[in-house]
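Before any questions on how it binds or moves, here is one chain, the form predicted on its own, in structure tokens.
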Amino acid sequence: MGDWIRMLFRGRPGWMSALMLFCAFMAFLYLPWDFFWKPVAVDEEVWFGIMFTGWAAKVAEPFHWVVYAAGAYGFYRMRPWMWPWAAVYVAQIAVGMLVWSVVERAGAAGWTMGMVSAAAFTGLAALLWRARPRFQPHHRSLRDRYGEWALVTGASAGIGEAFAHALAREGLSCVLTARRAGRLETLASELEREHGVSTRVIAADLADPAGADAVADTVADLELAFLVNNAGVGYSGRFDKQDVERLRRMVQLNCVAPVVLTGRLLPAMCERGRGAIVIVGSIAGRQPLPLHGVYSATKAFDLLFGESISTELRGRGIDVLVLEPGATATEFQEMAGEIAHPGESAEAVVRVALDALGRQPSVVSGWFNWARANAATRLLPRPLLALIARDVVARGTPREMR
């Protein structure tokens, strides 16, 4: 519990943490009570110093909820968009407090209370205005943070290829591994030409039981600072219609290979006291997923494995992140035998991952995916969730495999 509390409050001064807690109280306790339980006849809301009552107050409360929910999240993650809007919002409270006091409490008492309240909130607004550097990312290149070399599995296309480009832009030399040597060679030439980094290509099949160890042996001469366990595959269809050998290879690729590569490369990172490991999971790992049952189970494995070692390694200089994308515009759908459907770009998914690295143990890419991965699993019974998921997944599954 102590470690969790320290993690919750790190990275910001005490007065800002107090604001974060106040925003969380307003968003998750007070305003829900105010909106759902307080009688309309006694409801009151103040905006810009103007008192709203009754149904007008009820209508205004959701806007207050949005402000405080955004504040709680913005302070927690120290998001850049908090400047200048946090200061602006508090400044309007200062003006509103003066107007409200003068209107509601006429005379010297109203002016006195208004001036005192306005001065207090003006001071807070000034603190938030001057806190701009705290909301700006203190960008050190990934190479400076972790070291020179990165290993990216499944680098020949999709999310793996996007990771390779993003890491090379940060100055990391890249070891690229996948089955298709030709694509890897083309990508390696692009990275060297566009970013001036070194590369190494390893054609390997990580679905082979010996594949992960073979890759680890090949890079034993390098100080690998960044590991992206991206290689993975899906398999769409009803379990009794699926090929068992293909399922075996999927489990080997999605689960065993990340464990072996992480186990082989992590000790050297620990000795150096710095490093990064990204495990590409999926929001499919958050729930039972009929017609993708084994795939969702492998991604649940990845999620629990990654979050566990992230906690084990806290404070040792090793950042571990599980990336959980939803549908992504890659060749995954074709390889899994799915009917094609829209998805987020691989580049956007990678940006989310690199922004979250070092901040949290796992991240879901995309707000809608986050809502599906969290709200649904917390609000719905698992049997009902599985039935809903079956109907959704069926739309992307060929009829002969349902």
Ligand SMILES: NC(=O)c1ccc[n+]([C@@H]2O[C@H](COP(=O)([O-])OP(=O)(O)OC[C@H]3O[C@@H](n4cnc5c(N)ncnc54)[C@H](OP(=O)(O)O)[C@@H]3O)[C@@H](O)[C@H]2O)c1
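Keep in mind that this is a model prediction, so the values were computed, not measured. All residue numbers are counted from 1 along the displayed sequence.
This protein has a second form, the form predicted together with the named molecule, left out of what is shown; the following refers to that one.
A residue is said to contact a partner when one of its heavy atoms sits within 4.5 Å of a partner heavy atom; residue 295 meets this definition for the named molecule in the predicted bound form.
The shortest heavy atom separation between residue 179 and the named molecule in the predicted bound form is within 4.5 Å. Not displayed here, the named molecule is approached by residue 332 to within 4.5 Å at the level of heavy atoms in the predicted bound form. The closest non-hydrogen atom of residue 249 lies within 4.5 Å of the named molecule in the predicted bound form. Look at 306-314, 206-214, 109-117, 193-201: in the predicted bound form, residues with non-hydrogen atoms within 4.5 angstroms of the named molecule sit in 206-214.
The single contact residue among 187, 277, 231, 224, judged by any heavy atom lying within 4.5 Å of the named molecule in the predicted bound form, is 231. Interface residue among 96, 74, 290, 158, judged by heavy atoms within 4.5 Å of the named molecule in the predicted bound form: 158. Applying a 4.5 Å heavy atom cutoff to the named molecule in the predicted bound form picks out 280, 281, 282 from 278-292, in order along the sequence.
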